[in-house]
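Take a look at this single chain in structure tokens; it is the form predicted alone.
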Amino acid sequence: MRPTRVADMDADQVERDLAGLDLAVTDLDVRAPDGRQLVGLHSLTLAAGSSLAIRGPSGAGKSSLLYALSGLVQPRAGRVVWGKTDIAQLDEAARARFRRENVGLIFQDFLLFEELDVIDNASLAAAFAPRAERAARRRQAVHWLDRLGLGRAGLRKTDSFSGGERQRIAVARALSGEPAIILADEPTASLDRASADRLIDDLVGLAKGAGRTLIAVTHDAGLAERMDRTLTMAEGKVVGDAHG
């Protein structure tokens, strides 16, 4: 029997599902290939539907932590538990499946395909979804492009867009699977102030409005101020934890 997906549920079911993916991290140890510790985190908990900014200087371990939370990086030791699933204990295929079903990723450099049009980029995850879900994923991508002001640009090639527009395409792609969790790595870093502020409004509004968990690595004080909580990192450790 196919697991129930967010797209198949009514609003009450979605709310209950999103509420079930609390985060609990324990004794996380992430290492570089040469053995150097990138992240050493004793404990972190975050309620589902909350927002968290991760700040600190370059090389502090922020992105390494984010990638460990997504399962893109396998820690040497520790637990990364979303709901009842410890992704640190899963093999690569199972971690990929968890991301596909639960996580929307937004990368600093967008990771768009220049030769594809906007809809194909935004619905890229549909190509890796089960065949029965692909049409729905593509419809969701179109929906989010429209919500983000790019609804009439679907057949334009991506190389014709500004940095702010490209990041909106990346956000639509992240949201196309209706994820419970959004993980963003410096989402405003490549944008001018006006474009960054518009993206912050969109990203925070779309996450909070649906009860999604939002975690963003950022140097942008404007984004951090909109989050429920801010962690500050230095040399792989958490050196500050501020709420509100």
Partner chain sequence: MDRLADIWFGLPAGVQDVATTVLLLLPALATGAIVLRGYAPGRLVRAMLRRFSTANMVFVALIAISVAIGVGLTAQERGLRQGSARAAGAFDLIIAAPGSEITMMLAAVYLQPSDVPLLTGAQYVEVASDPDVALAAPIAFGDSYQGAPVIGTTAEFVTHLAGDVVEGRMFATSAEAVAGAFAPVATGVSFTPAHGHGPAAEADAHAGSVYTVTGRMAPTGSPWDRAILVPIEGVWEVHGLANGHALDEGDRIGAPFDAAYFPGTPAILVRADALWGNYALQSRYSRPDMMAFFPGAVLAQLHGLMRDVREAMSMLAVVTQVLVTVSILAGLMILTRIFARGLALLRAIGATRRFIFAVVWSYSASLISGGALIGLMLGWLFAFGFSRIVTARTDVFVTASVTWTEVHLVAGFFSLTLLLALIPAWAATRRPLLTDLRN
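Numbering follows the first chain given and starts at 1. Small disclaimer: the values here were computed from a predicted structure and weren't measured.
There is another form of the same protein, the form predicted together with the partner chain; it is not shown, and what comes next is about it.
Screening 83 to 91, 70 to 78, 161 to 169, 142 to 150 for residues having heavy atoms within 4.5 Å of the partner chain in the predicted bound form returns a single hit, 70 to 78. Taking non-hydrogen atoms only, R100 approaches the partner chain to within 4.5 angstroms in the predicted bound form.
Put simply, A135 is far from the partner chain in the predicted bound form: not one heavy atom of it is within 4.5 Å. Put simply, S64 is close to the partner chain in the predicted bound form: some heavy atom of it is within 4.5 Å. In the predicted bound form, R156 stays away from the partner chain, with no heavy atom inside 4.5 Å. Contacts between stretch 120 to 134 and the partner chain, counted in the predicted bound form as any heavy atom lying within 4.5 Å, involve D120, L124, A125, A127, F128, A129, R134, listed in sequence order.
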